[in-house]
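Single chain ahead, by itself, as structure tokens, in the form predicted alone.
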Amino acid sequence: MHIVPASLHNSLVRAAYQQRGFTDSEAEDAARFCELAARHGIKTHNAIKALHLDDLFGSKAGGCVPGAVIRDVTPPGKFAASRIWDAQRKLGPSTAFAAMEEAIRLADTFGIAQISVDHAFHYLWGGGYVMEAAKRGYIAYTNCTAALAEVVPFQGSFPTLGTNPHSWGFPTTEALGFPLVVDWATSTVAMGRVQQCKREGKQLPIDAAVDAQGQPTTDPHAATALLPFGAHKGYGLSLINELVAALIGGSLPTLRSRPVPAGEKRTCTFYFQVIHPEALNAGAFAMGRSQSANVHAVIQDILGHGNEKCLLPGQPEAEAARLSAHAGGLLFTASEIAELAAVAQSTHQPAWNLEDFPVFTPAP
């Protein structure tokens, strides 16, 4: 791994988005998101993936509109703790950051809040948004429909579902030292992992993908579609996203990000929920514990009894952030730097040369 200064990384991301016509604030949101992903070791949804998505389905293909303005279409006088937004194909991270802020504001008043978003462009790593809310003391959840239908339903043969992630964040920093983040695509791996394996010359896990003939494959170059994790269980969780999307306004999964007939839709949908912990507090904790102390006690019990070496969701991301802090920058592989060097060249930014980025050696 090589150390890249966050300021240099963010400057490159901002320049790439500004070159594509995005506003300064949108470019700043993109840089903020991509730094957040890189800092926490998220290889499948970093700047490389963000720009790749925009190339395929975003500003160059009409799926994302630089400078778009979100419309609040909530019925007047109804649903005080809810907001219904038409993103008008605004940049995904800009929409998601704004939605989470609005949900937090509403949860401070009502205890719980939800934001549904139609006509959206993919926000990439949902875990980042719930993590940031959890760091501020809230329970947060989000799901979305993926940019493409590339997952085969359980016992099916044709991809009609998205990778459709679910992301939960819990305010456990006081109890654990980091927020607990449960974040997963409903496919065995994300398509970003397929791209990462291609980049790094690695194989896919067994029962993660199929080739063009619908046969299981571990070759990322042969993979054309993905399989749900846990067979019928991942399938059911993926289906939840499609049903929530259908209720919001999302259309047929197989049409997303593809050319559509007149009157049809090709955009994603988002759903956000934030809960203030005090809105759940029944106050009768055993042994006179506080709410936070009770959370800590429950986690310690789960990790006790010989389970002390078990990882908690969010722990790998917290460890990656610790390593980034120790390194004093963001950590990228040589192949990732080569990808970012190509972005620098295409945006007329200072050249990225591998030898300029020191190798990171973790402390023993």
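Predicted model only: the values in this text are computed from it and were never measured. Start at 1 and count along the sequence shown; that's the residue number. In this text, rigid core is short for the largest set of C-alphas that superpose within 1.5 Å between two forms.
Not on display, but discussed next: the form predicted in complex with a further copy of the same chain.
Contact check at 4.5 Å (heavy atoms) against a further copy of the same chain in the predicted complex: none of Phe22, Ala30 and Ser94 pass. Of the candidate stretches 218 to 226, 149 to 157, 124 to 132, 195 to 203, only 149 to 157 contains residues with a heavy atom within 4.5 Å of a further copy of the same chain in the predicted complex. Although the partner is absent from this view, Val69 stays clear of a further copy of the same chain in the predicted complex, with no non-hydrogen atom inside 4.5 angstroms. The closest non-hydrogen atom of Leu323 lies beyond 4.5 Å of a further copy of the same chain in the predicted complex. In the predicted complex, a further copy of the same chain stays beyond 4.5 Å of every heavy atom belonging to Leu331.
A residue is said to contact a partner when one of its heavy atoms sits within 4.5 Å of a partner heavy atom; Gly177 fails this definition for a further copy of the same chain in the predicted complex, lying far away. Residues in 5 to 22 all lack a heavy atom within 4.5 Å of a further copy of the same chain in the predicted complex. In this overlay on the rigid core, Met191 has a C-alpha that sits 2 Å or more away from its partner position between the shown form and the other one. Once the cores line up, the CA of Ala208 ends up 2 angstroms or more apart between the shown form and the other one. The rigid-core alignment places the CA of Pro153 2 Å or more apart between the shown form and the other one.
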